[in-house]
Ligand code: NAP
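Let's start with one chain on its own, the form predicted alone, as structure tokens.
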């Protein structure tokens, strides 16, 4: 198919998602526990991304003329073939669709190995493409365990791989891909810094910080996890953060009044509890939260967190926010960069010139100034350091899994 022929199919994918969003959202909530409101918003975001790429793919993948010594030279963007996607459970539809939508539009086929606790979502996603009229087999869900990934990736028909998940999983998959000289894109963990400077709008910063940290029960790689605050405003900021945390209502995730559901698995709740307790033993102070009933973990806020504590050094994948003192903006940047991770970050200040200067100093794949850290189809998404490599979304994402081919033509 030509790109022009592919676009209507992807537009139909968006329509299918919206027509069945309640069904898909309820499935997500049942399998991994996010609130129904968050799940509906996730399906809607996937549909919006279909529209974005349908509108812009022809520009992103158009032949590009290049001035050279040749009579004619240009760049073409051609598909690689089947791409394996190894995806996590925390955003069961969005993580898959942000690969599949640009990947299929670029002309590739998709093979999905989803997390085992969201196999229902995995089959539903395959059905979305089937209902939308795409050729049978163009997007396939593989109901396999992690041990089978190596065999699939080594198959000569599979040309590339994308993985969203842990550092360990990413390193393993990248090593297998590298051994076969296959392209890989990795979106791994994060310990994102949210820097609050003395001139920031403290109320808005606190509101967004809590929303970022606690959405999806804190199970988000790009959530604000380390609140680095200038000392002169830390007391006022902390008071506002505590207020917003106390407004969170836990309960049945199917209930519209619930604002935070349970964590997805018991071992994840165990791990976030361990990170909190280990940090307290090293001198951190628990200001609020910490009670637990099974997978329901009360939102926690730790103060006096320093390098060397689990809550500073490790990725915390649950409802745990931490406060870190900074004497000035220079120390705030240093503390933000004192991490093995480099996925996202946020900076709060009223000084636009300062914001642009400091944003360039933060070691991360994205910096959001006075706003919520998030992925958005219009801009590239991905990390540096142990947060991965390659980019998803935008023009950069659709060009990750194509052959960027030079055509150079001379007369005889």
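Residue numbers count along the first chain shown, from 1. These numbers come from a predicted model, not from an experiment.
We do not show the form predicted in complex with the ligand, though everything after this point is about it.
Note on the partner interface in the predicted complex: the residue among 318, 261, 103, 189 having a heavy atom within 4.5 angstroms of the ligand is 189.
For the residues 129, 237, 312, 89, the 4.5 Å heavy atom test against the ligand in the predicted complex is passed only by 89. None of the heavy atoms of residue 250 is located within 4.5 Å of the ligand in the predicted complex.
Taking non-hydrogen atoms only, residue 289 never approaches the ligand to within 4.5 angstroms in the predicted complex.
Contact check for residue 233: no non-hydrogen atom falls within 4.5 Å of the ligand in the predicted complex.
Within 4.5 Å of some heavy atom of the ligand in the predicted complex lies at least one heavy atom of residue 381. Only one segment in the set 293-301, 277-285, 144-152, 327-335 has residues whose heavy atoms sit within 4.5 Å of the ligand in the predicted complex; it is 144-152. In the predicted complex, every residue of the candidate spot (166, 169 and 343) has a heavy atom lying within 4.5 Å of the ligand. Contacts with the ligand in the predicted complex, taken as any heavy atom within 4.5 Å, map within 98-136 to 98, 113, 114, 115, 116.
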